[in-house]
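Starting off, we have a lone chain in the form predicted alone, written out as structure tokens.
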């Protein structure tokens, strides 16, 4: 069991952590025809907007209540009301997700109370779902904001079971954590549908942030799960919660609608992929399709091919808790040692990370612990540390702005794990230091003996 340590230095250097409102905004972007609204200053929203645009390389829907100094002191109700009315009038969303920020949380704005008053003042908003969520950016991290938002969406939008209504055993709810890319969700959808199940992903960023060209421009999200589909999640036969961060939302769904859930901590690696397909086979009552039996065989072969390059390698990882456990656990399975593990926030998942210690810190902490490591694994803000240390960097998570295809990375299931072995294995191969042949020869041959006569024995 890893020891969890919190950094106590007086400042953060090269932050690893991102704020709760950004995680909340990403979760809302997994809803169809949605508009995330950050209740705070314009700068808070601008920062998040730039970060998401650089990562996904797509237009990102996000609005702000534009709180000024005076509005912050006096209270932000009028800003929230005007923002909601303007958004509905101009963009016609199905759902608006309102996320608090640091200034409004410190002021103590009652966002739930604001929404009740707004609905009373504006009956024309009856068909627009309003989901307020508390996401102070002075505590917690990206994963916390994402998790709180999914739980709030379940609480507000999922309908309880109707009396006498039967469940549909073919329908499967999938609560997807923030560590999963649009490509991961597409891969999981294919796997689940191969078992004859009909999945509903919440959130579903594979439809809204997967880099496709829509037929028509829309100022809101142009994909994702609809409000009606979320409402119907209470009639599904089972729920899969992917990542420890989704436990709270799964428990809320079970409490509200009686849908049982299974939590999968990891989705990368042979054992983790076996657990996934075994769970789906149990839920569906069907055998594992031959396609995935063959993919499993390919993964085992890839592990055999790659273990020469992974075995004994020292790895330094900086990531959100679920990502840290998923990638770190898989690298340990491949024979690596997680010599340095740095994360952003506390989580029950951290105790399972295969490292002696997990530090809640920043990228400076990761850099100081990675001096003797063979690989650095973190997002694009780790590139300077990689250059200074001379250690190769493998990019995971958000933000990834200096490489293409971040949204389409796949690291789940048999196929995703196989391709991850090749990607990191090739990185190890590219950084193998060739022996200095000239130095070896000069060290191995005594110059005084070069012209010496041969002696018969």
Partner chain sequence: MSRLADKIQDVFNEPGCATNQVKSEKQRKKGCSKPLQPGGAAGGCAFDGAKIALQPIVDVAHLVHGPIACEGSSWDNRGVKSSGSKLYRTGFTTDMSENDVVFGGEKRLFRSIREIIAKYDPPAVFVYQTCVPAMMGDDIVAVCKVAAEKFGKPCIPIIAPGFVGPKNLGNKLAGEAMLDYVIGTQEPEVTTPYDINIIGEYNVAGELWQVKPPLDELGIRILSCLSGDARYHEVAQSHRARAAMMVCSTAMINVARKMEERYGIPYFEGSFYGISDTSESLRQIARLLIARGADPELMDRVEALIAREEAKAWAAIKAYTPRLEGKKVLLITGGVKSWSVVLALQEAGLTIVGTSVKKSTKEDKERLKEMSPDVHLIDDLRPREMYKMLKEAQADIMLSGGRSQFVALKARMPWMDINQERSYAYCGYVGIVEMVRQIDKALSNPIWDQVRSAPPWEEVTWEARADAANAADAAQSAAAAMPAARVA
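Computed from a predicted structure; not experimentally measured. Positions refer to the first chain, counted from 1.
One more form of this protein should be noted, the form predicted in complex with its partner chain, which is absent from this view; the next part is about it.
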Does at least one non-hydrogen atom of residue 54 fall within 4.5 angstroms of its partner chain in the predicted complex? yes
Contact with its partner chain in the predicted complex for residue 170, defined as at least one heavy atom pair within 4.5 Å: yes or no? no
May I ask you to check whether residue 279 falls inside a 4.5 Å heavy atom distance of its partner chain in the predicted complex? no
So in the predicted complex, does any heavy atom of residue 290 sit within 4.5 Å of its partner chain? no
Within 4.5 Å of its partner chain in the predicted complex, do we find a heavy atom from each of 15, 22 and 381? yes
Can you say which of 331-339, 106-114, 180-188, 227-235 gets within 4.5 Å of its partner chain in the predicted complex, counting heavy atoms only? 106-114
Heavy atom within 4.5 Å of its partner chain in the predicted complex: which of 204, 144, 137, 322 fits that? Just give me the one. 137
Taking 4.5 Å between heavy atoms as the contact cutoff, choose which of 132, 102, 199, 223 touches its partner chain in the predicted complex. 102
Across 355-382, the residues having a non-hydrogen atom within 4.5 Å of its partner chain in the predicted complex turn out to be 363, 364, 381
